[in-house]
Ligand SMILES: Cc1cc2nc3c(=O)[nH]c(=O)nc-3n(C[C@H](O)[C@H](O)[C@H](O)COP(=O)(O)O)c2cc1C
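Let's start with one chain on its own, the form predicted on its own, as structure tokens.
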């Protein structure tokens, strides 16, 4: 089984609904580690060696976060700046993360219609997350499209929360048990766009 590391970053967890549900759906899973950056590092002093060791111990690395200003909360940018060191994560001698799977789990206030060329945000989510695709390429990670939940600001019904949480657990189970067709999944706009087409065998 693959080991999954969730780098979790939410600076306002008391107001979180969807991210909280997603986290609760998977944190009891075997071979899944939830690494809560704001809980661990309230002073933003990140233990680089600890974080690098966690990355080494896992096969899948997930950035789970709300989509703040078309990017991540601040501590996750700090994590990237410090943990992904030259000579360790990238560069001619930096091949430590090579072959590990990477994707983002993103929640955003705007719905899919706003993330279009003619929508309010003018760009789709794939375009806005290209810096993370570039990061994955530079670090020799296997990039997958984001697990995306949009339209949070228009209300989050209990049924919708439950659906996405169950689908998230289903996605991570398939990844852990190597039942997710990575090549097929990489062609989708979102990882959770049509899970039935990328999960190869039932649980």
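Residue numbers count along the first chain shown, from 1. Fair warning: this is a prediction, and the values are worked out from it, not measured in the lab.
Absent from the display: the form predicted together with the ligand. The rest refers to it.
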Each of 10, 16 and 109 within 4.5 Å of the ligand in the predicted bound form, by any heavy atom, yes or no? yes
Can you pick out, from 141, 54, 32, 152, the residue that has a heavy atom within 4.5 Å of the ligand in the predicted bound form? 152
Please determine whether residue 103 contacts the ligand in the predicted bound form, using a 4.5 Å cut-off between heavy atoms. no
Touches the ligand in the predicted bound form: residue 70 (any heavy atom, 4.5 Å): yes
Is there any non-hydrogen atom of residue 66 lying within 4.5 Å of the ligand in the predicted bound form? yes
